[in-house]
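Quick setup: one chain, the form predicted alone, written in structure tokens, and binding and motion questions come after.
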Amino acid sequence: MESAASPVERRTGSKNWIDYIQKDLPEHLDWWPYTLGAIPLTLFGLLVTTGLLLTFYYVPSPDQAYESVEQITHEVYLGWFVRGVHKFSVDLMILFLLFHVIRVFLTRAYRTPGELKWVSGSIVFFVTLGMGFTGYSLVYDNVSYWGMTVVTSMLGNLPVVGLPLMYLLRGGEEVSGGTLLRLYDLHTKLLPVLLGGLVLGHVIIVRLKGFAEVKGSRGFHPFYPEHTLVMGAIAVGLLVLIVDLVMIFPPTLGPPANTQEVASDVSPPWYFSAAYMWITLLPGPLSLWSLMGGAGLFVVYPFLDRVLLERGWPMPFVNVVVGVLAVLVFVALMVLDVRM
């Protein structure tokens, strides 16, 4: 008697997991809005490569961190270029993750059986934000130092876990050399490994759960070589874009960290500016609770969608309204942050 077929074999006709992951892809994955998920993966590769090069010269010490960044920027051969590629890679990775989230949200591609895809992707997004914050802090100029102080203080106001989390990141009551070393370890060790594992898990979940059906997409094409060639062309285009951005806007460096003089502008990077303004405008507990509630709602939204749909809500229309309002509020808060 033959053994029962595995779930993979029943769905694909193959006993090999690799064959299943490399099965043919829907043709719509070559359409521009549907390549937004692969672009951050390419940028993550650039981040890892340039980050490794930067660690050869960066010294995670309060006495030498700023000097090492200055050396990378002004003395090391092509150091400014590598630093610029690293900076723009994380900026573009977060930007394209936002575009990807918007596209998935508006098309409701998280619907059953795609809930796990959305949840895993949400965690990838939040960990990427953590990578951005920790990397921003390592420059250790006056702006990043006081930005680090402001952000860790905001974390300290979180209910229940706030103070322990602030002490864990700072290594004490105040921002110090221990804080810099902990953020360096997070940025170069824990978070990259965690993010790499999460990205791999997300890709596997997407392949196992399958892609959402899209109207007008009827054909399929092989993962290799057709799809890989398209992704390769996109990767080359991204590299050209990043090189142009670095040449036009080379990385700069402000004055060194000064614990006695608060920087005139302590606004965090652009991807945190909306949250920063939200916390600035609203009372502390209300702003923090609302941000935490919004993040939690963001993660579980597919399940909320299902409940509301069963109660007769027109979810395609609801998502368009919610998505447009969220983008408008995000942009308005960013503009307000720039003008203040």
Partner chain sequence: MAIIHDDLGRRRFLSQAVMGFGLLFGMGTLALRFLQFLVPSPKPKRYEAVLIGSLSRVPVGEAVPMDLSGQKIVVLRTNEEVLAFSRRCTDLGCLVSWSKEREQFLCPCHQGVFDKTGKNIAGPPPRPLDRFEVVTRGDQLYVNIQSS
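Positions refer to the first chain, counted from 1. No experiment lies behind these values; they were computed from the predicted model shown.
From this point on, the text means the form predicted together with its partner chain, which you will not see here.
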- Query: Counting only non-hydrogen atoms and a 4.5 angstroms cut-off, does P159 reach its partner chain in the model of the complex?
  - Reply: no
- Task: Consider R111 of the chain shown here, and say whether it contacts its partner chain in the model of the complex, taking contact as heavy atoms within 4.5 Å.
- Result: no
- Can T259 be called a contact residue for its partner chain in the model of the complex at 4.5 Å between heavy atoms? yes
- Query: Does its partner chain come within 4.5 Å of any heavy atom of P192 in the model of the complex?
  - Reply: no
- Message: Between I248, L168, L229, L241, only one gets a heavy atom within 4.5 angstroms of its partner chain in the model of the complex; which residue is that?
- Response: L168
- Task: Identify, from the list I39, A65, L47, I279, the residue with a heavy atom within 4.5 Å of its partner chain in the model of the complex.
- Result: I279
- Message: So if I measure heavy atom distances to its partner chain in the model of the complex, which of the stretches 139 to 147, 95 to 103, 230 to 238, 123 to 131 falls within 4.5 Å?
- Response: 139 to 147
- Message: Please tell me whether the candidate spot formed by M154, P164 and P283 is one where all three residues come within 4.5 Å of its partner chain in the model of the complex (heavy atoms).
- Response: yes
- Task: Residue by residue through 50 to 80, tell me which have a non-hydrogen atom within 4.5 angstroms of its partner chain in the model of the complex.
- Result: none
